[in-house]
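Read the single chain below, which is given as C-alpha cells and is the form predicted on its own.
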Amino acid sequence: MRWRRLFRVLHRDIGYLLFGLVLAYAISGLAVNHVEDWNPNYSISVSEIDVGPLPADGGLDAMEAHVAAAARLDAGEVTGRRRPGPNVFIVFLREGGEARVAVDSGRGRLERVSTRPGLFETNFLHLNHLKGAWTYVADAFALLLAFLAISGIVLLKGRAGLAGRGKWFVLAGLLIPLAFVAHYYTTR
C-alpha cells in the first residue's frame, strides 16, 4: 500500500472517529470565546421577592425556615445562610444562587443559578476539569488533530495539492495566527 493511500484511509477513519470531539470542542470554543459577553456555563435569573418581615425570635434557623418557605425553596436547594448586617439576611442556594432580603420588610431578590444544558458539559470537557484519564483522551485528540492537519496537506498531488494552490492555503493558514501573535507583541 502506498503512503498516500494509507494517509487517505487514516485521514478518513480518524476524521470519523473524532467527529464528536471536534463538534464538542468547536461548540465549547465558540462559547468560551465570548465569556466577556455572557456566562457560557451558567444561566442566572434574578427576581424580586417579598417574604414578609422575618421572625424576631428563633434566631437564624427561624429566619432561614421563613425565607425558604415563603420563597418556596426546596430544602435540598438551601446550602447555608448569613446575616452580614442588622437588616440583611441571605439564604445561600445550590450552584451559587441566593435569596437576599431585608430583615424588617422581607423584600429582596432571589437569584437562581442553573447550568446551561450541553454547554456546561462540553466546556467541562474542553477545559479539562475532569483531569485524570480525560487528560490522555484530550492529548490523543490533539495529536490526532495534528495528524489530520499534516495528512490533509499531502493527500492531493498536482495543481490542487501542496505543490500547487495548496501551498497558498497552507501559507495563509500559518500567517493568520502568526499575524495575531505579532500584533499582540507589537501593541503591548
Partner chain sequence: MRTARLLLVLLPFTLVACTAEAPPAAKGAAPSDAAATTTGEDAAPVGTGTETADGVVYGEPIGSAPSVELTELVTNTDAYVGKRVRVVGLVTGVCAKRGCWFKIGAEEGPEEITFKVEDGVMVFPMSAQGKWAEAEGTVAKVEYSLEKTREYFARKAEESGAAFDPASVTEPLSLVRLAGIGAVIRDELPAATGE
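Fair warning: this is a prediction, and the values are worked out from it, not measured in the lab. Residue numbers count along the first chain shown, from 1. Basically, rigid core = biggest C-alpha set you can superpose within 1.5 Å across the two forms.
Another form, the form predicted in complex with its partner chain, is not on view; read the next lines as being about it.
Exactly one of the stretches 129 to 137, 150 to 158, 49 to 57, 65 to 73 approaches its partner chain in the predicted bound form with heavy atoms within 4.5 Å, and it is 129 to 137. Taking non-hydrogen atoms only, Leu6 approaches its partner chain to within 4.5 angstroms in the predicted bound form. Within this chain, Leu144 lines the site of its partner chain in the predicted bound form, having a heavy atom no more than 4.5 Å away. Proximity of Ser45 to its partner chain in the predicted bound form: non-hydrogen atoms within 4.5 Å are absent; the residue sits far from the partner.
Although the partner is absent here, Lys167 is not a contact residue: none of its heavy atoms lies within 4.5 angstroms of its partner chain in the predicted bound form.
Along 93 to 124, these residues reach a heavy atom to within 4.5 Å of its partner chain in the predicted bound form: Leu93, Arg94, Glu95, Gly96, Gly97, Glu98, Arg100, Arg109, Val113, Thr115, Phe120, Phe124. Relative to the superposed core, Arg107 undergoes a Cα shift smaller than 2 Å between the shown form and the other one.
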